[in-house]
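First, one chain by itself: the form predicted alone, in structure tokens.
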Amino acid sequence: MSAAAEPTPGPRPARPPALLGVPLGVGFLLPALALVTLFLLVPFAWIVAVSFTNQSLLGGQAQFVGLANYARMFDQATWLPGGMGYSLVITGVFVLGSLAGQVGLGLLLALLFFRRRGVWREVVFTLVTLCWILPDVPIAFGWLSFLDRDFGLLNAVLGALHLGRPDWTLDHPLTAIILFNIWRGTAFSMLLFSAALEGIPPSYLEVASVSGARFTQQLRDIILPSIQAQLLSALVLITIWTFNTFGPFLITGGGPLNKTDIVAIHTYRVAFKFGDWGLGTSIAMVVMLLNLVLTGAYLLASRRGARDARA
């Protein structure tokens, strides 16, 4: 018996004609490229160039100093209050405290209202989201009133419980800005985790409940693995945002005695208060490199997670 003849491939469908030719397409892109070059690439190149000079905010002829600004950033005095190293340590504590609070509180709220509808859910979600979207200045004034030693609500509650009336912005300034940042940014993780929890198939949790699994076991074996990608996104994005935030300046101004001199405030103080543009731009370059490292780690982890999910 002769083998059946293989079907011959038909003609390929004709590609639709291009709406725009190459010259016309490039012409449409040129205005966007010009704006990107003017407002992004040129300022970036200027910042890189200034970081190698002794440019001052007061003017004068700038001179090329090579890597002197970068060496000044990490000399022996850097670990003293007011130095870059000291600021990095303060920023590390600030980021870790804010990260634990925002992720933990956001996950707790998302779990409390998981698959629940009603007035309380809408009220809580609306209030938490308002804390996130309101402007920094009125929020900061509200927190200064809240933390006031003599007339603040927080000390009124603590005084009623006989727990003392501390001056938060003087005695515990770092704790004060961490609490402020947690209160300010919890909405992001709460909304992110709420959306992720909605994607868990109900049958998973129903089978676990029928099998007698406790909530902690369901959390460990089903919930957390199911929202692993969102957890990673929240950890990295909150770290980057907290690392670069300038909001605490409205609460403490970086004081007292540089105890809240996080990197964003330190850069502003060096560049605009002391007028040292050369050192300020070199600090900005180091901060940008740290952000690129964090972003690269996030992208690698995301790709690895997507590859594991497809496997």
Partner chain sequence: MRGRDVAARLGFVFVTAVLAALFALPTLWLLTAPFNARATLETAWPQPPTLSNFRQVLANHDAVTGLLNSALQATGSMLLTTAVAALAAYALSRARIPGARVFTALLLMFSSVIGGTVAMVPIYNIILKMGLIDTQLGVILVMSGGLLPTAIFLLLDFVNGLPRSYEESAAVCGARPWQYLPQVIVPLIRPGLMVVGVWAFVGVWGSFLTPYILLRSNRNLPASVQAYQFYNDNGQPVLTLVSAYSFLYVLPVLLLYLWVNWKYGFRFFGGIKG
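These numbers come from a predicted model, not from an experiment. Numbering follows the first chain given and starts at 1. So that the term is clear: the rigid core is the largest set of C-alpha atoms that superpose within 1.5 Å between two forms.
Separately, the form predicted in complex with the partner chain exists; it is not shown, and the next lines address it.
Shown alone, this chain has one stretch from 199-207, 182-190, 218-226, 82-90 that lies within 4.5 Å of the partner chain in the model of the complex by heavy atoms: 182-190.
Although the partner is absent from this view, residue 240 contacts the partner chain in the model of the complex, with a non-hydrogen atom inside 4.5 angstroms.
In the model of the complex, the partner chain lies within 4.5 Å of some heavy atom of residue 244. Under a 4.5 angstroms non-hydrogen atom cutoff, the partner chain in the model of the complex lacks residue 100 among its neighbouring residues. With a 4.5 Å cutoff on heavy atoms, residue 74 does not count as touching the partner chain in the model of the complex; it lies far away. After superposition on the rigid core, the Cα atom of residue 66 is displaced by less than 2 Å between the shown form and the other one. Annotation for residue 257: C-alpha shift under 2 angstroms between the shown form and the other one, rigid core superposed. Relative to the superposed rigid core, the position of the CA of residue 272 differs between the shown form and the other one by less than 2 Å.
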